[in-house]
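Starting off, we have a lone chain in the form predicted on its own, written out as structure tokens.
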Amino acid sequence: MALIVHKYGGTSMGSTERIRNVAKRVAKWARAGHQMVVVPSAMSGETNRLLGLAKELAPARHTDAVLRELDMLAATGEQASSALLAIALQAEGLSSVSYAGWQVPIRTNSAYTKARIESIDDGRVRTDLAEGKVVIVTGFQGVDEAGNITTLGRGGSDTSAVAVAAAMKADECLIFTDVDGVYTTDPRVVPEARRLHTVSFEEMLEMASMGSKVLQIRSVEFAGKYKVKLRVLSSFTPWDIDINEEAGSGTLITFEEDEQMEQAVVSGIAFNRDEAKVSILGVPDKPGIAYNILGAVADANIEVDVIIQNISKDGKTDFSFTVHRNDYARTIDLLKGTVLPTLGTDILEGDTKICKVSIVGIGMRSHVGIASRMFRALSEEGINIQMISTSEIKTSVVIDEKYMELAVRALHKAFDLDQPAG
């Protein structure tokens, strides 16, 4: 008998009929003899609806007090879907119980709207499992040391599911979503995109960080760190599909040393529309400048991605970096208010019409000329590169947003990702 964690996204929980189908699928696994923990998201659109209401009432700038209430509000979406799923399972004849994150408890820090999990007490859940119950734990949320409800940021239900699987040493964590696995790129952009049977944790981490929306990046970090066997598969297959067929479907996220890994030079093309570029021109080229700029940004809990410092000229340099588009206005205000006065320059430029496109593949470690092949493909399409970032298994470029889909299609073809895996 295995301990299995199922996670269902908002689309999978989008109506009472879909919740009923989720319950039937979970019941199938439970009746096959598995101990089952289920982590559901809020019903599709519910979190946006709730936060939309708050937006009508909240002041333009969110204080910590407002952020606390936003977490209180947003957490109710998962609480509702968890209770509904427990009711549906009970209608299937299974003993089931749902818990909010604070009831488990899932302990987090106090960074409202983007909290991080610190620990999970699995005692209560294990007791219920030993009694033959299916346990449902709300995704996306936890509780801080002071007893305040916190949320983990968008996509946080994936993180919750993998963290629960890690804490309980589950045999496998199945992420059921509205796609049937991880593709070489978004099929809506490139219809010829292929589903990958396997992908390494490293590749999935890069693809998630570069904009792939299949899995939330922190969930992949958890899975890789704690060696959680992770599979992405569709919740829109018939619920009564043979359990052995279902257990082998989708995309398995595994380790590079797995001999079954698809050995492609580039495994996928990721992209992210939610980028904004910030440039400070004419800053002194001396030690400590990068820290003066980025330290203040980090203290404001704003994540920085691509960073470029240009060559020094007359003791001055230009410093550019990218942030999430939602953080752009706050970053500009922060730099104008507290950073620029200390730098001796007031030349600040910004661009919210950019995107990031990345090639990802563990095969890049052992092949030369991959970046130049990427740059040639973009050049042939007349696409200018504004910024470049690399790691051992990925190369990313920042380009004008209007060229994003053209760039993805060109790179997908240039690296033969439309061809069947050899």
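Note that this is a predicted model, so its numbers are computed, not measured. The numbering used is simple: start at 1 and walk along the sequence shown.
One more form of this protein, predicted in complex with aspartic acid (ASP), exists but is not displayed; see below.
Checking 126, 197, 336, 154 for any heavy atom within 4.5 Å of aspartic acid (ASP) in the predicted bound form turns up a single hit: 154. By the criterion of a heavy atom within 4.5 Å, residue 395 is excluded from the residues contacting aspartic acid (ASP) in the predicted bound form. Taking non-hydrogen atoms only, residue 42 approaches aspartic acid (ASP) to within 4.5 angstroms in the predicted bound form. When contacts are judged by a 4.5 Å heavy atom cut-off, residue 35 does not count as touching aspartic acid (ASP) in the predicted bound form. Aspartic acid (ASP) in the predicted bound form comes within 4.5 Å of no heavy atom belonging to residue 203. In plain terms, the part of the chain that comes close to aspartic acid (ASP) in the predicted bound form, with a heavy atom within 4.5 Å, is 155-163 out of 313-321, 287-295, 155-163, 100-108. Within 4.5 angstroms of aspartic acid (ASP) in the predicted bound form, the stretch 71-86 places a non-hydrogen atom from 78 alone.
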